[in-house]
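One chain comes next, on its own, written as structure tokens: the form predicted on its own.
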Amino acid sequence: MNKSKRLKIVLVGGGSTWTPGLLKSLCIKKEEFPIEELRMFDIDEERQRQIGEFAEILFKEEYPEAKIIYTINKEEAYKDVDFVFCQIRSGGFEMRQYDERIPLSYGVVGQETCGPGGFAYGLRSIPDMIEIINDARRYAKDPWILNYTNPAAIVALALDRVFPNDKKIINMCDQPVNLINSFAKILDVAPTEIIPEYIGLNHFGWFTKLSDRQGKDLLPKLRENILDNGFAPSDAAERDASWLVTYGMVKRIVSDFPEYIPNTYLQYYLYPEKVVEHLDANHTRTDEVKEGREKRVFEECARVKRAGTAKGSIIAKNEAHADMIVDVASSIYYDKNQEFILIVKNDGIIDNFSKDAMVECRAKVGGAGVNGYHFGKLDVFMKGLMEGQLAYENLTVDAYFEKSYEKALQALTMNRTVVDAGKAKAILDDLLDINKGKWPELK
């Protein structure tokens, strides 16, 4: 790739409420990642129009040298692009509400990426992501695919089967970055001063070491502070209530399992019954998002359009997920080999775990793709949990490609949020009914 040229990128899922943060990051980081064109592509024309109009105003003020295009046409979106940023929500909020409510009706965790909700979302996301990559490769010359689409673990496994050893597909999640930002606030250091060691599957992992640039172990101080004062996101004032509860559970996990600092999502697998107590099937996270972030972002887009300026806009701010995807792209483009926590094929990273697993770990990324750092051996507890979760993920992907009802039932029975085969079958049958036309026909 010619390092002197400015790039063409497409943002798939351009109508997302997370797009304004990415737009701002591109503006702030234009010297680090120079673009000629930003294209936004979405199947929802009205959402894309509103975000697109906001983008035009923001870029006119902050990035006039970059061209903005928003479209629902595939060829216009992908033609000759260098990078594809993916942040789609297959099925939208309409299906997300069923992903959450159906499991809860059986007393099982209802969450968009974990448990039966993540299973349902995964079977919808797999074909959409395969289509995106095929379309991108049809209209552009081997572009980089940087994927944020959830559930990332299932999507990554499926893509590895369809596009084996494809070094230009990068799967990522911003939750480890969000957690490092929270650690930094507690420890009163810059996030860039923290060197983490992280291992697991996506939304199913642990920080096993934290040190500063001088090699000082930061984990004991962080653990003590969490046990004394609890845990909250670094941007707590801007988070919806359910996220504060989610972060708050970290204290419970550290109290019971103090050796490592967990990813917040582990609460759904370690304490499913307690989590269900705090969830309301009549008002789920979907409702909270629609009433909060969704409403706030689109109202602000309309206000910016009326005002004709994005200056001072509450949504024109870079966020952790946005900074991460731009920084990863920049590290690839300039072959910086910077370090991130990314999802990569195991193949020797963890000695005592399946080499075909897609694990989340500390890695460096550059022009040759992602290379994860060797971790060593998992302890018995971590290995046992991860083996069960990986079996669930593999069975879910098997169910999709084999169109197998039996594999789908096995997957949900394996999942720690369900366990009971009778509940698994009842939930699966309800999800099958509501996902007709969106899932493969399971036999």
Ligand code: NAD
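Note that the structure is predicted; figures quoted are calculated from it, not measured. The numbering used is simple: start at 1 and walk along the sequence shown.
Omitted from view is the form predicted together with the ligand, to which the following refers.
At a distance of at most 4.5 angstroms from the ligand in the predicted bound form, none of the three residues Lys30, Ala190 and Asp335 contributes a non-hydrogen atom. Residue in contact with the ligand in the predicted bound form (any heavy atom within 4.5 Å), chosen from Lys168, Arg223, His321, Lys209: His321.
Checking Lys305, Arg89, Lys79, Lys364 for any heavy atom within 4.5 Å of the ligand in the predicted bound form turns up a single hit: Arg89. The ligand in the predicted bound form comes within 4.5 Å of a heavy atom belonging to Asp174.
Proximity of Tyr148 to the ligand in the predicted bound form falls within the 4.5 Å heavy atom cutoff.
The closest heavy atom approach of Ile132 to the ligand in the predicted bound form falls within 4.5 Å. Proximity of Ser25 to the ligand in the predicted bound form: non-hydrogen atoms within 4.5 Å are absent; the residue sits far from the partner. Residues within 4.5 angstroms of the ligand in the predicted bound form, judged by any non-hydrogen atom, belong to 89-97 and to none of the other stretches in 190-198, 252-260, 89-97, 273-281. Contacts with the ligand in the predicted bound form, taken as any heavy atom within 4.5 Å, map within 288-307 to Arg293 alone.
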